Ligand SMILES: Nc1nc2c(ncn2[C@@H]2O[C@H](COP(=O)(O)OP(=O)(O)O)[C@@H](O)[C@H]2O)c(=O)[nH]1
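Only one chain comes next, encoded as structure tokens, the form predicted alone.
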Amino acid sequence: MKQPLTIALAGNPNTGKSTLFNALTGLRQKIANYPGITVERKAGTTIIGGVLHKVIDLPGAYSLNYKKLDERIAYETLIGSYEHEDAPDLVLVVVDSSNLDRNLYLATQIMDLNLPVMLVLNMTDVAKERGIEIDPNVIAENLGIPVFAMSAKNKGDIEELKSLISEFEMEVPRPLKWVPNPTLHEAIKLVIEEWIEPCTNIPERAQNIEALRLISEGEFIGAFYKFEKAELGKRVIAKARGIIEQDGGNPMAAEVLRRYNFIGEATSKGSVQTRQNEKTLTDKIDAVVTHKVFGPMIFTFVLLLMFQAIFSWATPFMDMIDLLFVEGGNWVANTLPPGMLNDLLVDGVIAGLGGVVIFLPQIVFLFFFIYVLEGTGYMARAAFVMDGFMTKVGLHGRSVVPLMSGFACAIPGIMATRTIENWRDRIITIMVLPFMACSARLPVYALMIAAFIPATKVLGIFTLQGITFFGLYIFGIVMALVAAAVMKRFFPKGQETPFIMELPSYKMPKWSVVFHNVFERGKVFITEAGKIIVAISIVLWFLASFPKTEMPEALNGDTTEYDSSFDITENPESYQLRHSFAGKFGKIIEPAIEPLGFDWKIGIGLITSFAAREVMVGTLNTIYSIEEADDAENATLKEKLRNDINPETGEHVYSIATAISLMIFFALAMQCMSTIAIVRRETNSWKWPTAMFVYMSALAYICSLITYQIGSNL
């Protein structure tokens, strides 16, 4: 094939579609959201026979009878009606070789769309492990489309697939090859001729599929296309369903039964089970990992081990980055001539950015563990194990995956709630999801723990710092569950929907994919957070540096002539900061946060962190860099926090009670404008994000207040 193609990858979830996409495109890919909606879009390029082709990884779908937005996008793209995606020239339907019957339902629907289709039987290694022998030639002959058996992890198979694509003549399979029975065929024809063709703008290639969907559903559920004469359409659909019912059939099952009969005949000799009732390694592991008692215990231990490792392994790298920024700041300070530019670069940009970049190693390790757990198949088990408990506290089993996604970031977690069909279950999940300790909170946790929690060994392999880190994540989970249990009592109960989740086989993650994804997430953290941090650091430096205020001098040694706010032990830098715009604003809000153990500097950080939670650390680093005396220029931020003295009381500003109070506040408060914006978009209302902000902020204040008051009086 010498012409550039748009190649779409379609398939069920957990078929290795993303692995194949990564193998085909390598680093020539871009991951983003579709314009205006929160569904991930993956697109890239691949070179086949010297020709550059575009590759699209469509959202996973079980059928084209779309019930969720991501399934609808896949459908619209395939029929060429989605304005934000190119219509494909070739569709690679990726299926799990060990689950052919279930996977091929979607494949037969795509075959009805008058598109060139190639069936990719992926995960042949898993099928072989389960004693399943695949003959792709037999399946190809029965289906009437090219079939290739492979493992997406095998580079040789990838090259062979590319060769087949280059040689493919782009034949189009015959629509309705599964052959509807006469009454179903009559019903399809009736709906198309009397309503779809004259009254809708749906493309011709999708008319059969849409007619079947309408006959099965009985109404226009979620129709994305324009149509006229809705009442006529309803009468035509009812008439078509009546034709099937008069013949003794079921309109909801007529298509399904015929398709599965066709699939069974196509695979009866092409897929043979050679070993019966033999437990696989996956079955043996699941007997323990999904056990109702041992499963939750293992899940808890995995999380504890993960967070201990994140804190311990990242420390050497964090120290190196900290040293690099300190020395870099000193070099700039000594190289450039003294003045405003020097102060801006050193105290504003370098200090603010360095205060957050130092936590990049922990972000990298967090995503590394998340991708490893996903790649091995354990993440799905965690959802399965927690399903029963989630249901008891008012959350749906499908809430588990969005909530676990919240460990990385609340935004994709909220996006993932689209898989929850019941609105009540979905809105409760959205409203409690920000309690999950996202990676943006990690810098604040890490700073406070490193500065104020001792590294005492516990049980030989854990430290008090690691357990505190783990405890904050568990605290977020517990608060989410408590909030869900409370909301359950106030929300009207909707129709129950069963929780069905496929458990993929255990396998070694593809390390190149893991490291590539970790690199991408780290790059996003640096570029996206860095932009915000630099901008806020510059503004904050200006607010903390102006207006310029000279430190008063004693007149004839008479200290009574000093400014009433002047402390004889205070350095000029601290005096300047207190009298700056930032200092004055901080002093205004200080009375409201003082009962929580926070001073005006923390107050400024709380305000700036609404742009992004991790900005809190950059703000403190900027403030303390401006305030520090010359002899403290090599001190790290945690040392500055430990040594900070309140000039009015002479006591340390920070204590263990203050640190814990601040971490509790960050664990509960809704300090993320992006999350508020995405909730507004997902719920199409300001009511829910407003309610979220109010109740989470109030809860954070109350819990932080109780924590500090109890802790400071012990």
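Position 1 is the first residue in the sequence shown; the rest follow in order. In this text, all values refer to a predicted model and were calculated from it rather than measured experimentally.
Unshown form predicted in complex with the ligand; subsequent notes refer to it.
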| property | result |
| --- | --- |
| In the predicted bound form, the one of G295, P173, P509, P146 near the ligand [non-hydrogen atom within 4.5 angstroms] | P509 |
| Among the candidates H516, R205, K153, R424, the residue which, in the predicted bound form, approaches the ligand to within 4.5 Å (heavy atoms) | K153 |
| The ligand contact in the predicted bound form: S704, any heavy atom under 4.5 Å | no |
| Residue contact check: N122 to the ligand in the predicted bound form, 4.5 Å heavy atom | yes |
| T25 within 4.5 Å of the ligand in the predicted bound form, heavy atoms | no |
| Close approach of G375 to the ligand in the predicted bound form, 4.5 Å, heavy atom | yes |
| Segment assignment from 596 to 604, 124 to 132, 197 to 205, 483 to 491: heavy atom within 4.5 Å of the ligand in the predicted bound form | 124 to 132 |
| The ligand in the predicted bound form - contacting residues of 8 to 24, heavy atom within 4.5 Å | N12, P13, N14, T15, G16, K17, S18, T19 |
